[in-house]
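Coming up is one lone chain in structure tokens, specifically the form predicted on its own.
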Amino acid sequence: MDEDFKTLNSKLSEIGDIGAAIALMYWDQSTYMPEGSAMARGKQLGTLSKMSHEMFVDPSIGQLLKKLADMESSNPYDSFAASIIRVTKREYDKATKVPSELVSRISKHNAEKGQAWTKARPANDFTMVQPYLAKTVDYGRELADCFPGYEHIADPLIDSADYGMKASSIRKLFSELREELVPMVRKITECEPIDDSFFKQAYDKDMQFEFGKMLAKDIGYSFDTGREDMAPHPFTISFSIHDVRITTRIDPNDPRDALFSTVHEAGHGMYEQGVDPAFEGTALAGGTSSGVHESQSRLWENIVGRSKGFWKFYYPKLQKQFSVQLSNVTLDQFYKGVNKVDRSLIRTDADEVTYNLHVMLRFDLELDMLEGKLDTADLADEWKKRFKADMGIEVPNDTDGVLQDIHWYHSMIGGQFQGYTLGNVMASQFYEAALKAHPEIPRQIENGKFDTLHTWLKNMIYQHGSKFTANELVEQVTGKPLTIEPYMKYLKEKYSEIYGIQL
């Protein structure tokens, strides 16, 4: 192997180790860290983030990449060597535009802001975090200005999460979806509401947690290289291909939160666990974009986890576990209950049909804040106003309104939410391709067997890590560019059957 290539990988591995330490500290902050440790943790994260950034933008990395230009061009595009060089160069070019001290300031700020959110949300007190949020908007503009020539101020922030995407392309996609979804929501909500009252009673928290762990293990998440813990807002985090951790949260009076949060995060975790081990410590070790990552969590949570076939197998087990609550509830009632379309306050609890309207609201608010059209001091009231306009329901408090998602309170504003809807669209397109290759998958799911689907996803998506961009991966896996057609077909067929109407 070329010595320069070995040197590059050695340097990237060291930087990756610091990144893993940063991730571990974030995981600790979000799970077990004492409340009073926020300031110290912010300083620690700021120091490590600055150190990692300075190591990566060191001129020696740029010199190595220049020396390796011939190696990149002489190897096939999808080869290990060419992919490492290409992706590292892309990230290096972006990183060198951002001052290390800005990275440090943002990291420290986000750590302190995240801890403030953990207190503000249960206290229903947006004023506790609003000053932090105002500063976040300023940081977002400062970061965007490191990339002059953008079409929209949010574009550099969107690009960091979903490479190749812009505000204009996402707005176009969202417009197409809204045109389809709004009348669908209206038509479904005019139907007789599905009775899901059997969910709204006491369900033992420990039993919920253990049942969720069983589901995660069965579908393919490895507890040999992972674990599950509790967090205020569920997330997945990777310290290594061999150490990928998930979290969940539990509502003691409704098991749907824990069930589907766990399967959702397991989908993320399986993606990270399935990356080619040879990519460990390189720029390829991880999911390629927010949208592709969400496609995997949403595929397992919704297309598989909310399917009739899935619950044909698992409902008898759940019914036995919670016999008092579910003994008189049929499989059909349960299946309809977990797929009930209902305009709701909480994004993570939203059904598949209304979910994207939650995402679009947040995306629009992000753009307005970055453009200066909306002051963060007015955000809580604007949230309530727009939510009422979009969903037709009142937001009674900030806990279930502007404070409900952790994203703005642990990271940047801009590029935080579009990945969820991109993931929904990609998930259906990927699953359609999986069924074309393996028509037997639905029958296997009915028997609690997931190896064929999991192996197909690992071979077609997981193992590649960040080797391909999202657009390249969609084309490669499905044979066509990203399109909403499979997603709309999936929603219309599923919910026409559930509600007995033609969508």
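Treat the numbers as computed from the prediction; the structure is a model and nothing was measured. For every residue, the number given is its place in the sequence shown, counted from 1.
Although not depicted, the form predicted together with another copy of the chain is the subject of the following passage.
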Non-hydrogen atom within 4.5 angstroms of another copy of the chain in the predicted complex for each of 20, 48 and 245: yes
In this chain shown alone, the residue from 460, 55, 65, 434 with a heavy atom within 4.5 Å of another copy of the chain in the predicted complex is 55
In the predicted complex, the one of 223, 198, 77, 313 near another copy of the chain [non-hydrogen atom within 4.5 angstroms]: 223
Among 450-458, 39-47, 437-445, 470-478, the stretch whose residues bring a heavy atom within 4.5 Å of another copy of the chain in the predicted complex is 39-47
4.5 angstroms heavy atom contact with another copy of the chain in the predicted complex for residue 239: yes
Is residue 28 close enough to another copy of the chain in the predicted complex to count, meaning some heavy atom within 4.5 Å? yes
Interface membership of residue 227, another copy of the chain in the predicted complex, 4.5 Å heavy atom rule: yes
Heavy atom to heavy atom, is residue 34 within 4.5 Å of another copy of the chain in the predicted complex? yes
Heavy atom contacts to another copy of the chain in the predicted complex at 4.5 Å, residues of 271-290 in sequence order: 280
